[in-house]
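What follows is one chain in structure tokens, specifically the form predicted on its own.
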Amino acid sequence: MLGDFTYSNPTRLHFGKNSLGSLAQELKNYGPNILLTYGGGSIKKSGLYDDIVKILKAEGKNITELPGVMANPTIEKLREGAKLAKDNSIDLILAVGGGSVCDYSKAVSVSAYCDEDVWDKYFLRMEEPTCKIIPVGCILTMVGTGSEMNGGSVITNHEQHLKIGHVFGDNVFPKFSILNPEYTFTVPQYQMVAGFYDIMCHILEQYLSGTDDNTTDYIAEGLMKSLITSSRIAVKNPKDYEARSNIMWTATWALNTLIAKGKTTDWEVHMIGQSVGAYTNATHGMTLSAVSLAYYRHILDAGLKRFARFAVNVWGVNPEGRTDRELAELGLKALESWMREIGVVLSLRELGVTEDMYEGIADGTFLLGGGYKKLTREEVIEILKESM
């Protein structure tokens, strides 16, 4: 049965082709000093940068720019942004980009006025902010993370070989997010499909936990079926608006905290994948796709009935005359077939992982207990070997 929970999500979403038109009204809620964070030059090539700057200037805002936010934001980049935000008395951080830029901007928002070491406080001790928090708004250009409607922030510390995510409370959630599916059309195919698998993995991390009849599991199954259908269209025609808009909306609901309610949730694939990323700097979604199948096969027997349900309700496998074990295995085969179809990485070797990294990756993997089986360090190493 559903356990007790409190649900709150304060982020206001503006969705669709004309959603940028809502930015001017949102800006009226904040002071004059805006920190504009973004990655490389793609938003300038597309013209989005000019459109945003025009709106900011029309609203009388002072713009401080912080470009160069990388795909896996580092602690050094976080400290740079925190200092810039504080020095310029920033009233709003406007993140323009994918999940990494949104993640990064939330980390800056809680770090600018923090008088402690932010890595230790937020990413090692996992504490909540007690300082002033700068509000964040997002303009999304790539889907996958759901960062536009949650409190998550993932930061990499290369010196310590750690990539750690902190899910902050709803006081750190973006105050608003603008989602125009057309802004995702120019994302390279590799990054696009990595985002697709990130969405699937987010749903599975929540779905593959618990044994009760839970409303959120039915929602999760619907989200996965929508993603599968739309992703097949999008890989053939990345500018199919219906497919890309469905995927964008699915990505938001996959990780805006709704389908986690009443669930213990797993997240071990993310823990292994993030540790891989700390060593290789590989694209996040691809680190997940590379280790998922080995992990799921490793825990299959512990969660057999749910894996069987996954096969029947998501992939349409006929249950007649088949055992739960047979269904579960067919479900994973269907998942693997879809992964190959959209073109994600299925081997850690493709991401640059070598055998001498096993021990360090295992050491950097947080062992959680919310799924069907809590791993040991030795099991993590075995999964890494099977993922090669």
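Residue numbers here begin at 1 and follow the sequence given. Owing to the predicted nature of the structure, the values given are computational and were not obtained by experimental measurement.
Just so you know, the form predicted in complex with 5,6-dihydroxy-NADP exists too; it's not on screen, but the next bit is about it.
With the partner omitted from this view, the residue of S245, S209, S231, T141 that lies near 5,6-dihydroxy-NADP in the model of the complex is T141 [heavy atom within 4.5 Å]. In summary, among the residues T145, S105, S292, S111, the only one with a non-hydrogen atom within 4.5 Å of 5,6-dihydroxy-NADP in the model of the complex is T145.
Residue heavy atoms within 4.5 Å of 5,6-dihydroxy-NADP in the model of the complex occur in exactly one stretch of 307-315, 233-241, 72-80, 292-300, and that stretch is 72-80. Using a 4.5 Å cutoff between non-hydrogen atoms, S153 counts as a contact of 5,6-dihydroxy-NADP in the model of the complex. In the model of the complex, 5,6-dihydroxy-NADP sits within 4.5 Å of a heavy atom of Y183. 5,6-dihydroxy-NADP is not shown here, and in the model of the complex it never comes within 4.5 Å of any heavy atom of A220. Contact check for A278: every heavy atom lies farther than 4.5 Å from 5,6-dihydroxy-NADP in the model of the complex. Contacts between stretch 22-45 and 5,6-dihydroxy-NADP, counted in the model of the complex as any heavy atom lying within 4.5 Å, involve G39, G40, G41, S42, listed in sequence order.
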